[in-house]
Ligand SMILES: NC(=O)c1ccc[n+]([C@@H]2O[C@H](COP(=O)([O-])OP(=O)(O)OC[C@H]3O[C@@H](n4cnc5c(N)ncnc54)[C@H](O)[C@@H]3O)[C@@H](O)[C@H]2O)c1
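This document opens with one chain alone, in structure tokens, the form predicted alone.
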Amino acid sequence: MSAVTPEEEKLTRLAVVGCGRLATARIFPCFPRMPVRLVGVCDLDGAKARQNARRHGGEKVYTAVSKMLDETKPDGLVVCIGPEQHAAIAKQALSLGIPVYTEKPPAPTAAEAWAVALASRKAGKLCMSAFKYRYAPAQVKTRALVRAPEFGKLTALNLVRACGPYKNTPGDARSEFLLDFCIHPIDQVLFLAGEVDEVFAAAPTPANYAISVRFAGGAVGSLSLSCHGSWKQPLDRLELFGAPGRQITIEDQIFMRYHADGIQKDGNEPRFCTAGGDSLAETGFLPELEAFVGHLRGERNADEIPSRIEESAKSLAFYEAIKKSAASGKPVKPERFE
């Protein structure tokens, strides 16, 4: 391999674990737009690792995480595999003093996510989760509007989210509709409306949930979640209500309109065209990775990262409260961590 140039020395050194479908389609394409070097690309399937390294400028290929971390000593690690491995690899990297970005969910349970948070605090290094809604322009703008005096106190929200079929195989986190698909809207609700005080949920099957929420700030909400929709036409709609006449609507993650007394006052309505039908910037994939790299480069403090692992543990606690309520038929308060 050729010697590193002075220009390359200024780049942030990233290592990546995972070369599956999501990472290949959504994570790796972001790297050319950032000041980074891919010093290591790792996957149990060496062919996938070699392919992604070849396409995106990866310098070395690995099939073992420990070897990659030992040899490359990266400035940061990006992990995109499964929730069980996310937590274990994050703790391994943090113990070596390496900041970590993991895909969602960061762990199978809230307790395991909190264990990663404690490891992050002990190491004094950032661990963040890929909760992309916290970085999507429409969501960031909505959060600011909801907190503005003109909107008034948040009083209610209504969320509907639907997709195609999930297998919901017991013990397989990736096949669980509520955890794999719905963890994004669950986290979105916390990001925009604040912490949850109590949850009451009904679920005749693991494929359909009707959820009532009371927020710590006094607002109430309803979430309707189903995987009896279509992957070709997923449904994603959120409405938030403040003072009388104040309403915000978000469609498909990226289109937002704010109305006051029937007049549109603000919004996010980008005009773009992509072959894949979406935008890595507008859906939050690129901004969240930019936040991670910005932190590694000393441009953002850890407490300025919206999806720190401490916040992610709250989202998993909300998810667990939904499951417990649906199973028991009783209201449940999400677990709190300190």
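Throughout, we count residues from 1 along the sequence that is shown. Computed from a predicted structure; not experimentally measured.
From this point on, the text means the form predicted in complex with the named molecule, which you will not see here.
S.K.: Taking 4.5 Å between heavy atoms as the contact cutoff, choose which of 251, 180, 75, 266 touches the named molecule in the predicted bound form.
M.R.: By the 4.5 Å criterion, the partner-contacting residue is 180.
S.K.: Here the chain is shown alone; which of 153, 121, 167, 174 has a heavy atom within 4.5 Å of the named molecule in the predicted bound form?
M.R.: After the contact test, the surviving option is 174.
S.K.: Out of the stretches listed (254-262, 237-245, 126-134, 215-223), which one is close to the named molecule in the predicted bound form, meaning heavy atoms within 4.5 Å?
M.R.: Answer to the contact question: 126-134.
S.K.: Heavy atoms within 4.5 Å of the named molecule in the predicted bound form: does residue 108 have any?
M.R.: It does not: once the named molecule is placed as it appears in the predicted bound form, residue 108 has no heavy atom within 4.5 Å of it.
S.K.: Using 4.5 Å between non-hydrogen atoms, is residue 194 touching the named molecule in the predicted bound form?
M.R.: So residue 194 does not count as contacting the named molecule.
S.K.: Evaluate residue 45 for contact with the named molecule in the predicted bound form, applying a 4.5 angstroms cut-off between non-hydrogen atoms, and reply yes or no.
M.R.: Taking the distances in the predicted bound form, the answer for residue 45 is yes, it comes within 4.5 Å of the named molecule.
S.K.: Classify residue 330 as contacting or not contacting the named molecule in the predicted bound form by the rule of any non-hydrogen atom within 4.5 angstroms, answering yes or no.
M.R.: No - in the predicted bound form, heavy atoms of residue 330 and the named molecule never come within 4.5 Å of each other.
S.K.: Do any residues of 51-87 have a non-hydrogen atom within 4.5 angstroms of the named molecule in the predicted bound form? If so, which ones, in sequence order?
M.R.: 80, 81, 82, 83, 85, 86 sit within 4.5 Å of the partner.
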